[in-house]
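The chain below stands alone and is given in structure tokens; this is the form predicted alone.
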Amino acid sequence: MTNIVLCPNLSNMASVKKEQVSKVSAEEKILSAARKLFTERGLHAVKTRDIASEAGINLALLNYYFRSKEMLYARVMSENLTGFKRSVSDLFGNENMDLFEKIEHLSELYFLEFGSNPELLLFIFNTMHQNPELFLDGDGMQQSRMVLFKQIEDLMKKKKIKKMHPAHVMMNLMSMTMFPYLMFPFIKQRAKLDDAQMLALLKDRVTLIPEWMKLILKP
């Protein structure tokens, strides 16, 4: 009769795997809860105990994975930023899309991203000041920017849009798309609007911005 020898470490290996699965699960629960609460309330209005409660875990476990609320916020926003940069890069680098189509899609992207997550735009601006190289390299940003600038220059050579430095086109576009989200609370207060009315106003800009850009660039 053949004796079957079990690996003495088999039970330990199973425990390690189970612990790894639990670790991934707990970390994802924390990140999911943090994304939800940071989006709804912003960094300063959220406490770590709120995140732990939303994730269904105890505060000690949250502190084990993330030593501070700020570290967790940076992790969540960095993930959001990576996805946002990839979307912008894919859009700018699309050689088969008309310039004004790109502007309309960009306006829509900004509304979808920043209308529901205004904290992301503040994070982007802080990151730009602290680590501008993150927006110059990686995720195809440099290549896609070259495609966009060439598209603008070609339209200028064909006299289809007004001749100017392509950077002016970008600055005008960024001002129109980003500024209202940065000034969201101020504009809302001054215009005496509630959140729903302010978002409706921003949604109007998805179609208005391409029209305004056409007027600015008209030869």
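Note that the structure is a prediction, hence the values are computed from the model and not measured. Basically, rigid core = biggest C-alpha set you can superpose within 1.5 Å across the two forms. Note that residue numbering follows the sequence shown and begins at 1.
Absent from the display: the form predicted in complex with the DNA. The rest refers to it.
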_Counting any heavy atom within 4.5 Å as contact, can you tell me which stretch out of 116-124, 143-151, 68-76, 89-97 lines the DNA in the predicted complex?_
68-76
_Partner-contacting position among 188, 162, 47, 35 - heavy atom within 4.5 Å of the DNA in the predicted complex_ = 47
*Report the residue, out of 156, 170, 31, 61, that has at least one non-hydrogen atom within 4.5 angstroms of the DNA in the predicted complex.*
61
_Please tell me whether any heavy atom belonging to residue 193 falls inside 4.5 Å of a heavy atom of the DNA, as the geometry stands in the predicted complex._
no
*residue 182: touches the DNA in the predicted complex, heavy atom cutoff 4.5 angstroms*: no
*Touches the DNA in the predicted complex: residue 26 (any heavy atom, 4.5 Å)*: yes
*Contact between residue 57 and the DNA in the predicted complex at 4.5 Å, heavy atoms?*
yes
_Post core alignment: residue 192 C-alpha displaced by 2 Å or more between this form and the one not shown_ = no
*Is the C-alpha displacement of residue 71 equal to or greater than 2 Å between this form and the one not shown once the rigid core has been superposed?*
yes
